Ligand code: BG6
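The chain below stands alone and is given in structure tokens; this is the form predicted alone.
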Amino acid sequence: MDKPKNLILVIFGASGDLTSRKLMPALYSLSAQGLFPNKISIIGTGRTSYTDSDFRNRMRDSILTYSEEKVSGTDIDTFTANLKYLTMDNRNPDDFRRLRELVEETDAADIKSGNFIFYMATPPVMYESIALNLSAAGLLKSKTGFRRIIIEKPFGYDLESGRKLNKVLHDIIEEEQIFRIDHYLGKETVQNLLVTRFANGLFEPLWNRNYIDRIEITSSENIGVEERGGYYDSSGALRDMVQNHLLQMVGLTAMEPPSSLDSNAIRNEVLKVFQSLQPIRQEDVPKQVIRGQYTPSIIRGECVKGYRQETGVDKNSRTETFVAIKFFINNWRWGGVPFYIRTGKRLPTRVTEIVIHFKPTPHHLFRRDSGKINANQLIIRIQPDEGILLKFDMKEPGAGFNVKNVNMDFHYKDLANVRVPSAYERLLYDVTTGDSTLFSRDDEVETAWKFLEPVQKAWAEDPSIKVYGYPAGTWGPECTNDLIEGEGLTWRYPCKNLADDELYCEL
């Protein structure tokens, strides 16, 4: 891999959880693997007042707690020596002039590259203000070196705000300098989806409406909103997960083969999928979209609060913590194949996976003890227990032709001496090298918001549309299975272990 050029990385919101839990451990890991530039300075900013020493000690503790690397005392000291901190208010232009002075002094004294990356690890409401103040302070202008901005999701709250934020950014910086980060796209198993499809003659000929009955994508969490109740209540599952993570996985699952591995070639094909999504009419939202909210429950003997009892949440909140959607893609490959996506908090386990349900055989010759006709399934597990599972029928030993459904599975953990990097490691490395393949483009973001706009409008304008309650620790509202077309068909109910799929297995 190419080694990144010397640079300065400025992290806005460096006193927050994202920086402590994800960014610093990922940056340390890149450094420990020798994938850092020869010279780099990381400047954290935030409203919390820290000295450089305070910040270094705090980040050292975070790396020791959350890093997936084996931490070396010498390595961590070398890494944290590159850290600086500036207390500032993201709405104060004077503070950005102070930031410019610090960045330019650091660059002139040590880095000597003019390469600056600005990471917005802040609440989304701050993105526009940070971008405008960076521009006003002259930090986005470059005579030498590059300027890049990294923006966390959600990118806007709806179509109008997404377009507005794009316009603000395009007025001050070029699209190729903007990296809209979706950490799901940094996961090795998501990227392997492209290899599974386009490197194997076994799968691609079957990857269409002639052989596939339906496609199901699940992203579940077993935790609640924890300390993020105030933020989550203004966001909800549709904005927090569907518009970015889930639709991006739909795009990679349904896309046509790209002409090359060039970032624009891949993103062009994802965009075509988004443009082919059959619009959900506002009056059809109750039939195609189910939203839910977790209610109090007892899980393994422990009393668990409902969403409305969480800190920072409105006691009469109608914000969804669960969403399930049925939709279609109007093109030759996928015409008539239903896609089902769901995401939720306080579900039985943390799991993200893509399930390809193949069509059953047209003539059922063989007897099954269960009496149930099982079609083949290909399960691509994104997290945890990353891997691939193929479910198919085999003859049971003995007389007759009794058939049993069996598993053939591959697990990444079975690869000896192969380390699976964290999503943020891959994405941060790609930003330093300027590779935008795994980042969302402006037109992708706006097209995704356009698809979801009727859902948002229906929920906002029609109070009769239900918010179904579901007990914490269950798989969402009971009516969710009603979305699935076909008698007796249900969602797959996965467990933490890839090959287990009992409804309430031991987690």
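It should be emphasised that the depicted structure is a prediction, and the values quoted were computed from it without experimental measurement. Heads up: residue numbers just count along the shown sequence, starting at 1.
One more form of this protein exists, namely the form predicted together with the named molecule; it is left out here, but the text below deals with it.
Distance criterion of 4.5 Å from any heavy atom to the named molecule in the predicted complex singles out Gln383 from the list Ser161, Thr196, Gln383, Thr295.
Exactly one listed residue, out of Tyr231, Phe392, Phe203, Phe410, brings a non-hydrogen atom to within 4.5 Å of the named molecule in the predicted complex: Tyr231. Contact annotation for Lys345: at least one heavy atom lies within 4.5 Å of the named molecule in the predicted complex.
In the predicted complex, Arg350 approaches the named molecule with a heavy atom inside 4.5 Å. Although the partner is absent here, Tyr184 sits close enough that one of its heavy atoms falls within 4.5 Å of the named molecule in the predicted complex. Heavy atoms of Lys84 never reach within 4.5 Å of the named molecule in the predicted complex, leaving it off the interface. Per the 4.5 Å heavy atom criterion, the named molecule in the predicted complex is contacted by stretch 235-243, the sole one of 210-218, 266-274, 324-332, 235-243.
Contact annotation for 189-206: no residue has a non-hydrogen atom within 4.5 angstroms of the named molecule in the predicted complex.
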